[in-house]
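Listed next as structure tokens is one chain, alone, in the form predicted alone.
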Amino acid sequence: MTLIQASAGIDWISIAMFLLFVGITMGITYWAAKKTNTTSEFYTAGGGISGFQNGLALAGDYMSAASFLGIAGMVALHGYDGLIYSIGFLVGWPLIMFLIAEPLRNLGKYTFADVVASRLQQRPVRIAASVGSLTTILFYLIAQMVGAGGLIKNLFGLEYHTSIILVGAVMTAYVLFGGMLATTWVQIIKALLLLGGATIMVILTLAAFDFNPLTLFETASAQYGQKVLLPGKLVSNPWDAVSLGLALMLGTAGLPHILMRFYTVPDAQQARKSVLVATGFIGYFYILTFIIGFGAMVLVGQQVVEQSGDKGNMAALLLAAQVGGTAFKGFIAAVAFATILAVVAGLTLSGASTISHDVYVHVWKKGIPHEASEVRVARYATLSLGIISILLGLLFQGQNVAFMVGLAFSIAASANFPALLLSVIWKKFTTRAATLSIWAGTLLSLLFIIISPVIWVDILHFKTALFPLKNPAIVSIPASFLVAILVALLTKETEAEIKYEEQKEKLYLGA
């Protein structure tokens, strides 16, 4: 592409709004950097975030490129079936509120491995938990980077690889200098922009249908047939549907970057409040994405969405241009890009804390903390993750981002959730059971993803897949639980049982 060709495709309004957002958030990062000196400040903003603020930040962290670009694209191309992602992403939140939030805040410090290892042997548990966490984070990063690459390629006139490098550089700066405080405020601002932008888009879309969603759905049915309002077009195999649903429902409770946010609030009450606030905002947002998807289907057209490439990821942007013109599309493009930057920053911070806190301090240094060196290792880890995320974004170009996040959820649900849940509720849970469960969940989910149609056929170009389902959760989650339960029944750890009784008071009362 020549410079003249590139400049012809540049959307200057989008670039201006994007630069404005980056400028504001870089100012926040500069402010946060002056307040970020200790490990607690770097990882958890010193625990000084309120429940409402953390709820907004949780929503900002969770409403990713998959939620906005991916789901809208799936609904636009496949109709009703795209809703399985919205529902799946949402229903994990009550599980977190009632089972995870309070124990996590009361027992942990910086990472979810703090909870799993609180009454077990530190080193083997933290090694296994780090592998599970980092695998989940890397798969999640793929989706965000692919979404960012497609977005800038289509709107800013830059090559895909250039846009991937740009995203990697900006998000690395957020985390490297501002830590959790900067990341939190970037996520809050992004959540408000995304909710506001999506609301305006839905209002403009429904204005064409007398503000009646039923009229929109009837028009979609008239244009594309009744099948767009019925399940089975995207996920035709019922086992695949069940597997995907399990991954999305249980995976939320195993996402390291989401679990980490519960350490930023001062107590368990604020942790529960933050989940309640986040659930409300996220539920509202997924209703909007469903209408946006059908709006793109009817007002833009499935053929145009398909021709835009990137597996439908540009549907929301095409609809924004249709209903609001170039200026509104520029605003939505900047919001979508802000969405990706905020989520990638949260993922990177979570990965950096896993490497520095779990691996460096508790495995390498055998639990002897040294604040200056721990923060330094976290910053080196941030740089490394930035480079890795860029490479992964280049490798997985063209995949639907919601689908890629579904795979990340599958790994989180298989590797992290069983050990986290059983360590909190089961007295007889042992170190060996925890480590083998995490290893089994991680390796099985990865193995089945590799030999599934997603990689075996689409990327490696074999004719048929060795594992027929696109999502492995229906096999890997029960396998992880089964390994955990069988090993715990076959092994006994008296010290872990004694510590379980001792930690009850802390678990329920925060004492």
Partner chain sequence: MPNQNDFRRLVSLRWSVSIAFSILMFSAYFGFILTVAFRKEWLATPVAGNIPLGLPLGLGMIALAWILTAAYVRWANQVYDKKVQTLKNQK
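Residue numbers count along the first chain shown, from 1. Just so you know, these numbers come straight off a predicted model, no measurement behind them.
The form predicted together with its partner chain is left out here; the points below concern that form.
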**Message:** Please pick out the stretch from 233 to 241, 376 to 384, 330 to 338, 201 to 209 that is in contact with its partner chain in the predicted bound form, where contact means heavy atoms within 4.5 Å.
**Reply:** 233 to 241
**Prompt:** in the predicted bound form, which of the listed residues (Ile84, Leu158, Leu436, Ile142) lies with a heavy atom within 4.5 Å of its partner chain?
**Reply:** Ile84
**Message:** Give me the residue from Leu166, Val363, Met97, Leu195 that has a heavy atom within 4.5 Å of its partner chain in the predicted bound form.
**Reply:** Met97
**Residues Leu391, Glu493 and Glu497 all lining its partner chain in the predicted bound form, heavy atom within 4.5 Å** = no
**Message:** Please determine whether Arg272 contacts its partner chain in the predicted bound form, using a 4.5 Å cut-off between heavy atoms.
**Reply:** yes
**Prompt:** Is Val170 a contact residue for its partner chain in the predicted bound form, using a 4.5 Å heavy atom cut-off?
**Reply:** no
**Asked** Any chance Leu276 has a heavy atom within 4.5 Å of its partner chain in the predicted bound form?
**Response** yes
**Request:** Find out whether any non-hydrogen atom of Leu246 is located within 4.5 angstroms of its partner chain in the predicted bound form, and reply yes or no.
**Result:** yes
**Item:** Residues from 318 to 347 in contact with its partner chain (non-hydrogen atom within 4.5 Å) in the predicted bound form
**Value:** none
